[in-house]
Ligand code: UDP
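Shown next as structure tokens: one chain only, the form predicted on its own.
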């Protein structure tokens, strides 16, 4: 058996006050014809990334709507995750492809997991590239197979996407964040555009008092009376934490008492994460006002909430970004936001109205300085950002989209 993931209970009715009654009623109506539908979500890891954060909320809400939803994680070892990290980077544009031996590792683990997959599912949803080849081995185990892509495929490595497209073409449907991410060659495969969403009631996103946020940040050595810039993301070249440090240094020339917090989690399927974490530490050059923390420093969901809630400026200076759940997380807390003008970030940020989109460290610094010097500007941006997320990027809307897909819409 593949590893089943335990999720807690969630009730749709608890979301009525944030998502609105009309949406909750629409979900209940869509779910009427789907009672008892057996749905399996299959992903590479249950920890450390946006996919797992989404599923910890989406699966119990599917159950509350009457769907028999389960979530399982594939079996893999370091050699497999080394290969799939290379594949992930290549699909997001890295020129390094995979060797024949690495493709063999990918194939071997997909076949192994296919053998362990249980039968009798109405819908099997395969998340991201890691388990994408399972379908070709055991198509009979699910009546309907859907591939859910969470990464930016707008400029993929040609050799890798050429191997992926035939795999995806065999699915009964494919789901992407943006139309720009749909690769050429999926003729005949139904394509659905469905951005992800955040859970407004999770520990990471629930309302936090300023006093509680200050207390938590103080425990990690921050001076809560001084301005704070913060980025929350995996330690990954595409997230550009070194560029954030460069932007912070430019801001510090104008606002000498500013601090920076770089907060990340080390995912189990990201073996190069530690190498890049160490490079980021070296780039900070021991600056006592640069706080680089991860889940092994006891930084969990509550702590991330506190850092985002306390920050005067929240940044996501990605150079590639499938969506970036941390963007909606920051905006939901009504914090002024600056993000890279890439991938799914512009979907969440209306430039100049609910945050800023930038293309360089200096541009990021200039926007941060403007916000730090004008608190009213920051408050205006924050309020507009929160409302935009409320209307478009909360989990009940994502659940509704999935129910529409299940219903054939």
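None of the values given here were measured: they were computed from a predicted structure. Positions refer to the first chain, counted from 1.
What comes next is about the form predicted together with uridine-5'-diphosphate (UDP), which is not displayed.
Tell me, please, which stretch of 73 to 81, 165 to 173, 318 to 326, 137 to 145 lies within 4.5 angstroms of uridine-5'-diphosphate (UDP) in the predicted bound form when heavy atoms are compared? The contacting stretch here is 318 to 326.
Looking at 233, 280, 110, 259, which is the one with a non-hydrogen atom within 4.5 Å of uridine-5'-diphosphate (UDP) in the predicted bound form? So the residue touching uridine-5'-diphosphate (UDP) in the predicted bound form, by this definition, is 233.
Just to confirm, with a 4.5 Å cut-off on non-hydrogen atoms, which of 264, 131, 241, 336 contacts uridine-5'-diphosphate (UDP) in the predicted bound form? The residue in contact is 264.
Residue 53: heavy atom within 4.5 Å of uridine-5'-diphosphate (UDP) in the predicted bound form? Result yes; residue 53 sits at the interface with uridine-5'-diphosphate (UDP) in the predicted bound form.
Exercise: residue 60 in contact with uridine-5'-diphosphate (UDP) in the predicted bound form, heavy atom 4.5 Å: Residue 60: no contact with uridine-5'-diphosphate (UDP) in the predicted bound form.
Can you work out whether residue 252 and uridine-5'-diphosphate (UDP) are in contact in the predicted bound form, taking contact to mean some heavy atom pair no more than 4.5 Å apart? Judged by the heavy-atom cut-off of 4.5 Å, residue 252 is well away from uridine-5'-diphosphate (UDP) in the predicted bound form.
Given that the partner is absent here, does residue 86 sit within 4.5 Å of uridine-5'-diphosphate (UDP) in the predicted bound form, heavy atoms only? Output for residue 86 is no: heavy atoms all beyond 4.5 Å of uridine-5'-diphosphate (UDP).
If we check uridine-5'-diphosphate (UDP) in the predicted bound form, which of the residues in 192 to 209 reach within 4.5 angstroms of it by a non-hydrogen atom? Residue within 4.5 Å: 204 only.
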